[in-house]
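As a starting point, one isolated chain is supplied in structure tokens, in the form predicted alone.
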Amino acid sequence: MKIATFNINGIKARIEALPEWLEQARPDVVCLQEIKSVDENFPREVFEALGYQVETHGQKGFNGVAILSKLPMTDVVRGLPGDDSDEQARWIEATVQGARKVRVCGLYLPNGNPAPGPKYDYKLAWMARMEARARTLMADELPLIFLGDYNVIPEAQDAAKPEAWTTDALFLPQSRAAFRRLEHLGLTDAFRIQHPGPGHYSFWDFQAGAWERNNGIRIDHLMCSPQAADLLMSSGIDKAVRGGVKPSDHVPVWVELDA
């Protein structure tokens, strides 16, 4: 089972690039972030024609997440539990059925800038809610994967120029500590466990020639429960997608599970 995450930065802008990547990479399940579309305007027929079932949790002009699956998909949950007043569309989860069942949780974690401030407070509160949700789901001992744009640079080696991020919400100690608390639950950073060392990035800003200079950061992560980590076969970052026509500022990151 090949499972991928991809922050597409607008479904309208990526309506040609995304199907092209899907046909080349052939993932079974994809979690999308920043679809920037309400549910009824998402071009589901494009992806259904490629064999994908489509589930969305959209929002007009901002945020928005989706799951595309070639495998049967059930028990869809939209929205991160723990705050009924939160109207931002940043969380969607479902169970996909391959050789084994896998619970897939797609997330678009808040950016948090400027920090300090209310946006950063929201980020940390959201991460605490995610930790609580992870604890609940992990109690079922089902293979489980939390994947998406975490907007967290876990370590200095995850940035080409870590010194440029020291005051940014993505790299502040509190953000990194919240990420480590997820790891301490027993979640495995699937890409990092197979690809140690620096030089691996999933995001390059559109500004200041970041892509041309490889001035990137790794903020798109796939975190596996122990049951899913036991099934981990391979993982990768499809870096070349960033050099394509009308690219997102993120690229797909993926894992293959024996499931």
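Residue indices: 1-based, along the sequence shown. Keep in mind that what you see is a predicted model, and the values were worked out from it rather than measured.
Here the subject shifts to the form predicted together with the DNA, a form of this protein not shown in this document.
Shown without its partner, this chain lists Phe203, Phe191, Phe47, Phe42 as candidates; in the predicted bound form, only Phe203 has a non-hydrogen atom within 4.5 angstroms of the DNA. Taking a 4.5 Å heavy atom cutoff to the DNA in the predicted bound form, the contact residue among Gln97, Gln157, Asn113, Thr166 is Asn113. Picking from 192-200, 49-57, 28-36, 66-74 the stretch near the DNA in the predicted bound form, with a 4.5 Å limit on heavy atoms, gives 28-36. Although the partner is absent here, Cys224 lies well away from the DNA in the predicted bound form, with no heavy atom inside 4.5 Å.
Using a 4.5 angstroms threshold between heavy atoms, Ala17 stays clear of the DNA in the predicted bound form.
Contact check for Ile11: a non-hydrogen atom falls within 4.5 Å of the DNA in the predicted bound form. The closest heavy atom approach of Ile219 to the DNA in the predicted bound form falls within 4.5 Å.
Interface residues of 171-185, taken as those with a heavy atom within 4.5 Å of the DNA in the predicted bound form (partner not displayed), are absent.
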